[in-house]
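Take a look at this single chain in structure tokens; it is the form predicted alone.
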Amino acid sequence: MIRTGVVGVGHLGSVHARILAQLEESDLVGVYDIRPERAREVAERWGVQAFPSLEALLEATEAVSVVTPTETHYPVARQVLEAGRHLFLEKPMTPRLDQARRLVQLAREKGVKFQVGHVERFNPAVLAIRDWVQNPRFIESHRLTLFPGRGTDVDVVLDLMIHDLDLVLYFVGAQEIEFLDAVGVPVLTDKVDIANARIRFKNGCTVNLTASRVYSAHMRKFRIFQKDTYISLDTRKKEVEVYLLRDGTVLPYFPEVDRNQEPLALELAAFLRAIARDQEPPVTGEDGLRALELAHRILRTIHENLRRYEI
């Protein structure tokens, strides 16, 4: 069992604490939050310690989940890595690319495991079709939600679309981008709340991504088109449909999906196994950086178009 801790126990951080208290690979030692009363509340719920400082938590742990607001990711994560602790950092890694690059370098220097929280990789629907995706030619995603009231400290590209950017990079592989265009607008905040990006990779695969936090319902659809195959995922409902062209006939196939699996629990268990087995985490700091670089490229294009059209 690995001695674990959680930094930041707001809504998502409290879920991290619950899972780390329950996973057999984890010995949850305690939590830290800048709000002592919140830390005590979560710590009492799981019978662990509420630490008075980040330094005290780090002294007692081997691995830490950082689930603080995005603008604090870099200083907190840097302190974790400098202390030689294994780091699980929620997405997006950091607001700035130079910060993310420094964290990746620091993890290498310290010889610790660094995993980024791209939880959709562990969605049972994604796991069910992972081996079906061979050479995608077109990918389309829609990630739409009601206004959340939280997570709005960053643009919707970093808040929502980055999930699908990571999936695209995961399925397409190390392909160079040949073309990229993106549009978006602020609606309810001073950040970009709706965004659309169109990307073409050098191998010809084209991607169309839409993300919005101004919608009347929740939608998380991800569709993959490849030769003789159409794959449709609903990552919110954890549903999968596959249609195969065989001898001129379209054959439907519905892969088995274990909807009882909790993606975040699978994700944190994979992080702890990587530590125990001294293996690369399934979503490395380099993976997180790659998704962040693409997200920033999309945001730069959006803001260029906003200035051009004086929106």
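Residue numbers here begin at 1 and follow the sequence given. Just so you know, these numbers come straight off a predicted model, no measurement behind them.
Here the subject shifts to the form predicted together with a small molecule, a form of this protein not shown in this document.
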#### Entry: Residue (of A291, V9, L20, I298) lying close to the small molecule in the predicted bound form, criterion heavy atoms within 4.5 Å
V9
### Query
Since exactly one of H86, H73, R213, R121 fits, which has a heavy atom within 4.5 Å of the small molecule in the predicted bound form?
H73
### Query
Taking the partner as it appears in the predicted bound form, which of 27-35, 270-278, 56-64, 246-254 has residues with heavy atoms within 4.5 Å of the small molecule?
27-35
### Task
Check whether D166 has any heavy atom within 4.5 Å of a heavy atom of the small molecule in the predicted bound form, and answer yes or no.
no
### Message
Although the partner isn't part of this model, could you tell me whether P136 comes within 4.5 Å of the small molecule in the predicted bound form, counting any heavy atom of the residue?
### Response
no
### Message
With a cut-off of 4.5 Å between heavy atoms, is K113 one of the residues that contacts the small molecule in the predicted bound form?
### Response
no
### Message
Taking any heavy atom pair closer than or equal to 4.5 Å as contact, tell me whether G184 reaches the small molecule in the predicted bound form.
### Response
no
